[in-house]
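The chain that follows stands alone, in the form predicted alone, written as structure tokens.
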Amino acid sequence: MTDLPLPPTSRHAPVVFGRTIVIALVALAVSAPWLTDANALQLGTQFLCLLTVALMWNLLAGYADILSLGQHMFIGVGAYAFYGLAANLSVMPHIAIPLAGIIALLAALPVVFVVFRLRAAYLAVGTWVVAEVFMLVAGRIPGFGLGTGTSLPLSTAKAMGATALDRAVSIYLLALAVALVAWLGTWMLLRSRHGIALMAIRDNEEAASSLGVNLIRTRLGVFLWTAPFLGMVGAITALQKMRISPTASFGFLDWTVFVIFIVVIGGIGSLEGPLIGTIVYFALRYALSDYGTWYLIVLGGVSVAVMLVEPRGLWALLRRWIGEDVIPVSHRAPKQ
């Protein structure tokens, strides 16, 4: 007698519930321009930009074991490249943003030959030093405001819409497109043969190497993969603020410290972690915005508390209850 397939058990309910939440969040993000005002869309743009950067840093540190403290260098390069394209060459912003991502990728090529001669803590410090060099060079480029920065021309803002709401909608949709492409592309990368190598490195670097995984080539590929997305985030941020400056465009606190907090809190080495961490970060930022320096103190306290309870973040705690990934990236052996 042929065995009939068993009906879904109750243990699948949390997975279905989690995936329903993810789908609902995507639907909400897509419909936001028709549901909210300009201020909410600006906040949503910030959320999507931070989420994209967190996703990229999580890919580096959580999967490829690259502890980078200098990813903000590519955000700054993207911002300055966008200014050069939009303000000096009169390129339309919609075209200048992906071009800024390509320029950030080109800037990453010489960096990998310098940085990847280092390992562990030396690599982390090396990436930070290179980022500082990029910032200092940006502050000495003629025509870009030197150390104080400069504002984008009014024509760039008008190209995004006639009113403040129209501009907020256009910039938000660009940020949403970059975030969705980054998320889908990273998911496809992790589902590919290279993704299997990355997950092997995440789980056990020595075992992965013994099984034939080329650690250096895999890490180089991941480092270069993140650069264009970071460059496009920098371009979108410059477009939203209508200004570039070395200290803001290459902001270590905004684009590295807070991003590390997001990934550590949410769950390193997972696709769900950056989303959870970004939501927690924005919730804490909103709740503590009136408390001055206590804001940073509470962020630090929360991160330490989470690491003491579960070093792999909030998603690791939730996964124990759910039982499997909400966004599946691993492959399962076929049933016999």
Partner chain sequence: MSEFYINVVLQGVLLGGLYALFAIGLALSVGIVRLVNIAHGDLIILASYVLVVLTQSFGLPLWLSFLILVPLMAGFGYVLQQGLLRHVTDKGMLPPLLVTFGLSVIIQNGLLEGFGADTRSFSGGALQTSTWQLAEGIYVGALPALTLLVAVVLIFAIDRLIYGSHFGARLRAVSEAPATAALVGLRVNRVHALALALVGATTAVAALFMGLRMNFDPLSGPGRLIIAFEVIVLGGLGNLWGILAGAILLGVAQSVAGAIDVRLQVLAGHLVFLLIILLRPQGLFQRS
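Model, not experiment: these values are computed from the prediction. Residue numbers count along the first chain shown, from 1.
A second form of this protein, the form predicted together with its partner chain, is not displayed here; the remarks below concern that form.
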Since only the chain is shown here, I'm wondering whether Leu106 would be in contact with its partner chain in the model of the complex (any heavy atom pair within 4.5 Å). no
Classify Ile95 as contacting or not contacting its partner chain in the model of the complex by the rule of any non-hydrogen atom within 4.5 angstroms, answering yes or no. no
Is Thr293 one of the residues lying within 4.5 Å of its partner chain in the model of the complex, judged by heavy atom distances? yes
Is there any non-hydrogen atom of Glu132 lying within 4.5 Å of its partner chain in the model of the complex? yes
Scan Pro228, Gly126, Gly84, Gly145 and let me know which has any heavy atom within 4.5 Å of its partner chain in the model of the complex. Gly126
Ok, Val169, Leu176, Val91, Ile260: which has a heavy atom sitting within 4.5 Å of its partner chain in the model of the complex? Ile260
Its partner chain in the model of the complex reached by all of Phe113, Gly301 and Met307, non-hydrogen atom within 4.5 Å: yes
Name the stretch: of 184 to 192, 76 to 84, 117 to 125, 155 to 163, exactly one has residues whose heavy atoms fall within 4.5 Å of its partner chain in the model of the complex. 117 to 125
In the model of the complex: members of 131 to 145 within 4.5 Å of its partner chain, any heavy atom: Glu132, Val133, Leu136, Val137, Arg140
